[in-house]
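One chain is shown next in structure tokens, namely the form predicted on its own.
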């Protein structure tokens, strides 16, 4: 079953960039990553998916129902925005009880469990909270009704490293219980920890849709070598090389392709040293972006 189905979704802001012909399908129980730099179109996609803004064209469905004509589907969705804003004069517990009232279920036990996990004081007033603690309120608010779909937009901004790890553990637990997770971030390490598939977005368009394992498969290598004589850029004029850095007798680059081909080329040099490693996800991500420029 597909939990999210987005087809040719476009939001035009006039001269400002929106999103263009976005197509995505997310399966039940999946943890799906949506990555790109700030301003790439991640939040616009999410806000359109939630029905908070209406598209210029295209369609979006959650649980098989239109996001724009079926407001009842939102009862099964938990949403954590990148920035959270609240009425300052409310206590945390009053805000969360008010939020719970929309779901017509007793969420008291769940609120207390989540508050304990995130080390959140329920009796404090909102205006007495730091930005990080306000983000914790948003996490509890987004999960208090045990949603079947969790949508996270840059969820860890403002959280210290310990709270970030608690948050990741919490989301992993919700996923094990059956929740589908749509996780938007520009921090690639976060997506690498959580997701099974990932879409890369640039300038409002999806430029790649991959399994996380495929992004890190053996076809990508970071290669560093030193030779006994100076090297020139023309020596590396072969397909699959990117991010080439030459300095005297040293070369550093990412290679995607048949490993035997690059080894044959390297074998033409009189080597002093050679290392071949797995590149991190951020390097792979920038490799994709460079291809699209």
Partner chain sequence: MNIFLRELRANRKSLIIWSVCIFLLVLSGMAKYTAYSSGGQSAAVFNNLPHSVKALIGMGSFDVTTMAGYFAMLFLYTELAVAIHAALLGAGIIAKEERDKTTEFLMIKPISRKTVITSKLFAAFVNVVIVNIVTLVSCVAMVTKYNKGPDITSEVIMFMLSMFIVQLVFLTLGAAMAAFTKSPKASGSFTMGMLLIAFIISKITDLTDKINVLNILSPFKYFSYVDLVSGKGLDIVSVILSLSLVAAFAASAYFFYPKRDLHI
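Residue numbers count along the first chain shown, from 1. Fair warning: this is a prediction, and the values are worked out from it, not measured in the lab.
The discussion below concerns the form predicted together with the partner chain, not included here.
*Asks:* May I ask you to check whether residue 53 falls inside a 4.5 Å heavy atom distance of the partner chain in the predicted bound form?
*Replies:* Yes.
*Asks:* In the predicted bound form, is there a heavy atom of the partner chain that lies within 4.5 Å of any heavy atom of residue 61, even though the partner is absent here?
*Replies:* Answer no; every heavy atom of residue 61 is more than 4.5 Å from the partner chain in the predicted bound form.
*Asks:* Please run the contact check for residue 71 against the partner chain in the predicted bound form: heavy atoms, 4.5 angstroms, yes or no?
*Replies:* Output for residue 71 is yes: heavy atoms within 4.5 Å of the partner chain.
*Asks:* Does any part of residue 75 reach within 4.5 Å of the partner chain in the predicted bound form? Heavy atoms only, please.
*Replies:* Judged by the heavy-atom cut-off of 4.5 Å, residue 75 is in contact with the partner chain in the predicted bound form.
*Asks:* Just give me the single entry in 170, 118, 90, 194 that has a non-hydrogen atom within 4.5 angstroms of the partner chain in the predicted bound form.
*Replies:* The residue in contact is 90.
*Asks:* With the partner chain left out of view, choose which of 99, 133, 157, 175 has a non-hydrogen atom within 4.5 angstroms of it in the predicted bound form.
*Replies:* Comparing distances to the partner chain in the predicted bound form, the residue within 4.5 Å is 99.
*Asks:* Of these, 197-205, 159-167, 176-184, 101-109, which stretch puts a heavy atom within 4.5 angstroms of the partner chain in the predicted bound form?
*Replies:* The contacting stretch is 101-109.
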